[in-house]
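The chain below stands alone and is given as structure tokens, in the form predicted on its own.
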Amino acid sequence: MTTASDHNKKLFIETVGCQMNILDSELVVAALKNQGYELTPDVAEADTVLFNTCSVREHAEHKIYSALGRLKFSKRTRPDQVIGVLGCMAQKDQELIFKKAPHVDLVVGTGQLSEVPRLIDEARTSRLRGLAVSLDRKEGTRLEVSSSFQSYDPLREPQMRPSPYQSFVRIMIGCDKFCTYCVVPMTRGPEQSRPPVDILRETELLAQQGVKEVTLLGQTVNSYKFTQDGKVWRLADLLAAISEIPEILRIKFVTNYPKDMTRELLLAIRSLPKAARYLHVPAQHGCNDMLAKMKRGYTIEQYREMMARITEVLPDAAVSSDFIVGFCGETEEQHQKSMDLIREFRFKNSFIFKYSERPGTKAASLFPDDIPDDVKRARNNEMLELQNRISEEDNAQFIGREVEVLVEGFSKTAQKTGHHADHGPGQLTGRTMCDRIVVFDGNPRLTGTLANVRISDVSSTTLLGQMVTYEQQTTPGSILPILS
């Protein structure tokens, strides 16, 4: 029998899904690195293999089971290997994962991730399976269920972040909206907001580590509400408090719920120079009948009122959306209403998904998944083509303009071609305050700073430009812009 100290402490982790999952993986990796583990991109050399999973779409689950299938016989050559499944799929499927993949050693839900280091050690020494999941929403009172979705010690691991200068901060967990198609209320539990004192302490720690941009996360992030020392904190209050941290240059937040996009919040964003002019507010559909069937809790008329409020208070804001095509019973006429909504609001971009029936949701029990896959695919492609055309047309309005960009580092193209290897000047990437991607040539030493870029060309997803620098001339007060 092996002991926990016999293995090589090489850790491989694959993350599927949303920003919440990316953050969860960062916290898990930080806890394991605290015990001496080392990340490796090579699953073959890892004696600890973890999959952090998503259950929002069936495709994500199939991807994980395929990855697990490829490891079916890996323990023949690595008898000390531990394989774990974490996250939403683990919380939803639980024992089913062990049945489908008997070589899995541990299954850990979203609310029990602090148990991962202990369960790995136990699995390695005893070879017994470990299961740690939170209570089902029907297995106790709201307080009991909420308590079973544990808060997690915010150890942080920079290696897992989008860049060393960007980080996610969770301000709430769970969801109480119960959209009929969605598994999140089951996999993430009841809606709970974190104490502002904890959020601010964590953000200050990130700032000390060099983070310049934080993205506040919540299933419905603008529903945030917490009473601390007699004061009711909302998202607007958090934005104002985080803005006081000098090192933090930008603050983003996702994902927003339309009915909670209040004038108070919009006015707070307008008054805070560090708050990004970018709002992700999923519409999901353009037809009231479909919205009611999805139990989204608002009408198209109310969504339109919200968009008018955004335009009035934040005319420079970019709004993105989510859409589901092929939901149960969707007619061609109803689909076209979603297309009309995209034409009306000209979203910066839209995340478009074919409906995927999820076991345990209300939609699965109430409505047949009756739209053929080829129809779903055709509607998905039609909507994507429309959104891409709108995005390209609207991006063209930036040609000739100067934008401020938070430099994130070398572009994907530079990384793929290896031009970044010598760390000399090359193609960099960053984002504007309205979350548009900008690609330009520059010195990598600019990474983590704000730079001005003049836009010369665009695509549907990217702005392309040249850096602008300013030189002080000999004549007092004269500043000459020079393209560099």
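Quick note: we count residues from 1 along the sequence shown, nothing fancier. Since the structure is predicted, the reported quantities are computational estimates derived from the model, not experimental observations.
One more form of this protein, predicted in complex with a small molecule, exists but is not displayed; see below.
The chain is drawn here without the small molecule; in the predicted complex, the stretch among 348-356, 233-241, 110-118, 75-83 whose residues come within 4.5 Å of it by any heavy atom is 348-356. Using a 4.5 Å cutoff between non-hydrogen atoms, Arg57 counts as a contact of the small molecule in the predicted complex. Taking non-hydrogen atoms only, Gln284 approaches the small molecule to within 4.5 angstroms in the predicted complex.
Remark: Ala414 does not count among the residues lining the small molecule in the predicted complex, judged by a heavy atom distance of 4.5 Å or less. Using a 4.5 Å cutoff between non-hydrogen atoms, Leu406 does not count as a contact of the small molecule in the predicted complex. Note on contacts: among Glu204, Asp322, Glu382, Glu392, the single residue with a heavy atom within 4.5 Å of the small molecule in the predicted complex is Asp322. Listed residues Cys182, Val104, Ile245, Ile269 were compared with the small molecule in the predicted complex; Cys182 is the one with a heavy atom within 4.5 Å.
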